[in-house]
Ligand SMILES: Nc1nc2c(c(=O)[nH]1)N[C@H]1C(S)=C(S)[C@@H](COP(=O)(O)O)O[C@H]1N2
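Shown next as structure tokens: one chain only, the form predicted alone.
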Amino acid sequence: MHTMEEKIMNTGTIRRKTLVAFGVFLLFIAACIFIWRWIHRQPNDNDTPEPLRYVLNNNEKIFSGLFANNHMARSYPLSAAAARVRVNGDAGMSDNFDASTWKLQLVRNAGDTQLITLDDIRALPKTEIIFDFKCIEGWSQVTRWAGVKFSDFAAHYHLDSQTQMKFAGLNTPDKEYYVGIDMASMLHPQTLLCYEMNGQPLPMNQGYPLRLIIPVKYGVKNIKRIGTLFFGNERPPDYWYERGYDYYGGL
């Protein structure tokens, strides 16, 4: 049996340990509040405090360094593809868009723009992919898409010097949505200039007539209704980067 002295000692030990743990917890909360306030007092870089932007930029260096063309997004059978495909945002999907006049503006160089029709693109070799589309909002969905590989498109239109550059930029016709993509990801064998979903032409809210499907990136980089495609060695503007997200957007 425990003596009274042992019981008092045990009670005192427990009380001291509880007080120490509570004190450590309070110090931890105070440190978190201090760091949070310090971060938000720092200058902003594209709507993000500089310390956080520093972390995002270094994450990009790590993930881009691990990137490889033979690292494929998992493919799924046709039976796994969703019949009703979720829409990940509507920025750039203005109501006054006239699809009958659409042509892809391929900017080879400053002052050298080629207009390409949907029929021109559909005439190129067709590729289909069924993969798990991932959104930064936290959802994912297995979906079916088809179009031309960007690498095939680039080869057909002799974009050799352009694909030696570091980035591709893509804008919607109304310029309201825009992304910058690192060239290695653009040339990935699963990246499509996509014109079909579930075996049918893209619905208007999914980017008709042409969108980007890039399985190595989150959905924010899969720009809908491409109007302009251009190239450069400096980062093109990117809609969500300007709103505090990382530029790379890779998986």
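The structure displayed is predicted, hence computed values, not measured ones. Heads up: residue numbers just count along the shown sequence, starting at 1.
The protein also exists as the form predicted together with this ligand; that form is not presented, and the subsequent description refers to it.
Contact annotation for R86: at least one heavy atom lies within 4.5 Å of this ligand in the predicted bound form. For H188, no non-hydrogen atom is located within 4.5 Å of this ligand in the predicted bound form, even though that partner is not displayed. Not displayed here, this ligand is approached by D90 to within 4.5 Å at the level of heavy atoms in the predicted bound form. Heavy atoms of T48 never reach within 4.5 Å of this ligand in the predicted bound form, leaving it off the interface. Contact check at 4.5 Å (heavy atoms) against this ligand in the predicted bound form: none of T163, I181 and F231 pass. Segments offered: 149-157, 76-84, 172-180, 96-104. Contacting this ligand in the predicted bound form at heavy atom distances within 4.5 Å is 172-180.
For the stretch 131-145, the set of residues having any non-hydrogen atom within 4.5 angstroms of this ligand in the predicted bound form comprises F133, C135, W139, W145, in sequence order.
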